[in-house]
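As a starting point, one isolated chain is supplied in structure tokens, in the form predicted alone.
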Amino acid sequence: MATEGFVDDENLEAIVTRIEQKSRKIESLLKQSKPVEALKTALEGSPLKTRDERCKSANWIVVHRAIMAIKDVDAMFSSLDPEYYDTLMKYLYRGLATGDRPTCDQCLKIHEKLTEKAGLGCILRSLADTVNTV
């Protein structure tokens, strides 16, 4: 039985399949030198309503790939819609938690610009939302 609002175990395979499809689309976008589109695709449909770590980890790998491909952070925010900001902030904190130097450096660069763009509320919403985690 699923906890109210969360995905039950029967739908986990469907989520993993969607993440695999998303991963292929992101690789294609990155080969076309479209890192911002890849990031948008990675953030769309993030499995926030599951507690399954396998799904969360699989999606983190996809989002991480897109985050690391961003070269021009300012240009990224000129074409990234505000609807993505809170989810992106959650993934930035996940990236910082890895302790991996290149990942942390990239996440901090994006975090700085995201905070300038979205304000402190974005940080607070990301940290306070303990239900819809990445």
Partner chain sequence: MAAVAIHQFAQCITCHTWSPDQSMVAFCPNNHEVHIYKLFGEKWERVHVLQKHDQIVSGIDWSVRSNKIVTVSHDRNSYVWNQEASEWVPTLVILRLNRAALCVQWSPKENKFAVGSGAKTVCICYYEKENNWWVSKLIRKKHNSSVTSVAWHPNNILLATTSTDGKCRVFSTFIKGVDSRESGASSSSNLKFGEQIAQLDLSFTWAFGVRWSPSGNTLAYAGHNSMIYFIEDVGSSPSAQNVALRDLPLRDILFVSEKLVIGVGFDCNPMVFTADETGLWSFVKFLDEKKIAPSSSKYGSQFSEAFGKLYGQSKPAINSDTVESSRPRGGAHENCISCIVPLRKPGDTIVRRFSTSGLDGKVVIWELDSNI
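Numbering follows the first chain given and starts at 1. Keep in mind that this is a model prediction, so the values were computed, not measured.
The form predicted together with its partner chain is left out here; the points below concern that form.
Interface stretch in the model of the complex with its partner chain - options 52 to 60, 36 to 44, 94 to 102, 81 to 89, non-hydrogen atom within 4.5 Å
It is the stretch 81 to 89.
Is there any non-hydrogen atom of L124 lying within 4.5 Å of its partner chain in the model of the complex?
Taking the distances in the model of the complex, the answer for L124 is yes, it comes within 4.5 Å of its partner chain.
Using 4.5 Å between non-hydrogen atoms, is L12 touching its partner chain in the model of the complex?
No, L12 sits far enough from its partner chain in the model of the complex that none of its heavy atoms falls within 4.5 Å.
Would you check, heavy atoms only and a 4.5 Å threshold, whether R18 touches its partner chain in the model of the complex?
Contact check for R18: no, nothing within 4.5 Å of its partner chain in the model of the complex.
Any chance T115 has a heavy atom within 4.5 Å of its partner chain in the model of the complex?
Because a heavy atom of T115 falls inside 4.5 Å of its partner chain in the model of the complex, the answer is yes.
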